[in-house]
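As a starting point, one isolated chain is supplied in structure tokens, in the form predicted on its own.
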């Protein structure tokens, strides 16, 4: 077992046993479930909208290169700069160079999981540049010096009281009460100063519109517009899979994204940006850069079985529905993208040997499949990852032996009956001599937290025949 797999199991066990944590997550996720169910009713045909969104994203994935080149031509024609970053190192280096050339001392950043993926903040801070997160949830986890807990709601795991205590410690001059509204107002007062001091704004992108040459950004707090329009330099950092063919596609993708993520009909602020400030315009940046990040995405694209993972629009719906995520939380995964989508993508991009264990953090209930707005069959990809994990020789010897025996036994009814008879005999004999259920091999993990059921004397098949099918 790899070190990362061991760390995951330890963190998952701790969080699963933390009833306060589980209650907080349940309360917050339940509120999203209610809002999303209500939000879907606003659509005349929710399934038709999912089908349309899946088709658009599928078309984009199949035509990634020409659509990105079309997007690039239009951004450059308006005076913007487009940089193709093959790796996270490339992206960090380019952005740091832009900051150095512009003598940047302070950066404001709107929510972007890609900047988490490339570890951008530590790189900028090494240059002596102060970076402030401007999304409220991101600011909270930044002040706690921890990564986002959730793709859409980074501070989902915290209570109002925890945030109040944090702000009293970190933002005492801006505190003027402890209600929800007063805590938001404290963050706003603090961030206003940061917005007006910053020389550079960094944002992500929800979509890159090829035919319009526009970056589409969705936010709920207005921080995105201030980040992209107040500083004199604006840098967009985004994965190459965010491109879509047409502006008209946003008519479905924007509401589908908002409804799946938070239950809203559409996010409060929906912004399109196509370049730097043009002559005669009164606002907008003097410099505009778009960093198109690959960082393993073309490897996913090259895999015909799993390239549909690039359809993901990062709504977070699969996390909210996943029973594993709801139990162990976001930080246990130790990845930029937790939950089902992260467990499917991370082993492909970062290596099956170190990250393949995440594909087993799934009960295969398929709840994630049912809520994905672009119809990604996440459970199928997790199974495919498990197949790769085993075929590449990374599975434990005990698992290989166990499943070999299981395959042999289930290949014939007599073998299966023999294995069942032998298993019942051994288990009953072990319990009869006082052996703890916790020591019974494969049953140990199960019985550690649950009572050992009585071992039946007869198999189900024998009982069926004995009672002639009547129970």
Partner chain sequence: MKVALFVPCFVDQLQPQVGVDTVKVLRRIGCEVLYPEDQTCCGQPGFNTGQWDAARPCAERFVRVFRDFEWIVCPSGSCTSMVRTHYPELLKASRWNDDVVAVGKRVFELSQFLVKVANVTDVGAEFPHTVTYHASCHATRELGIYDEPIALLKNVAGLELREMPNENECCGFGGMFATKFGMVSAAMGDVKAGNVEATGAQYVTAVDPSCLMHLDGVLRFKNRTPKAIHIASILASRAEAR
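Think of the rigid core as the biggest set of C-alphas that the two forms share within 1.5 Å after superposition. Positions refer to the first chain, counted from 1. As the structure is a prediction and not an experimental result, all values here were calculated from the model.
Beyond what is shown, the protein has a form predicted in complex with the partner chain; the following relates to that form.
The partner chain is not shown here, and in the predicted complex it never comes within 4.5 Å of any heavy atom of residue 269. The shortest heavy atom separation between residue 327 and the partner chain in the predicted complex is within 4.5 Å. Taking the partner from elsewhere, residue 386 is found to have a heavy atom lying within 4.5 Å of the partner chain in the predicted complex. In the predicted complex, at least one heavy atom of residue 323 sits within 4.5 Å of a heavy atom of the partner chain. This chain lacks the partner; the member of 411, 44, 37, 429 within 4.5 angstroms of the partner chain in the predicted complex by a non-hydrogen atom is 411. Taking the partner from elsewhere, no residue among 108, 143 and 219 has a non-hydrogen atom within 4.5 angstroms of the partner chain in the predicted complex.
From the list 311-319, 174-182, 354-362, 73-81, the contact stretch for the partner chain in the predicted complex under a 4.5 Å heavy atom rule is 354-362.
Contact annotation for 1-25: residues with any non-hydrogen atom within 4.5 angstroms of the partner chain in the predicted complex are 8, 9, 12, 13, 16, 17, 22, listed in sequence order. Core-superposed comparison between this form and the one not shown: the CA of residue 461 exceeds or equals a 2 Å shift.
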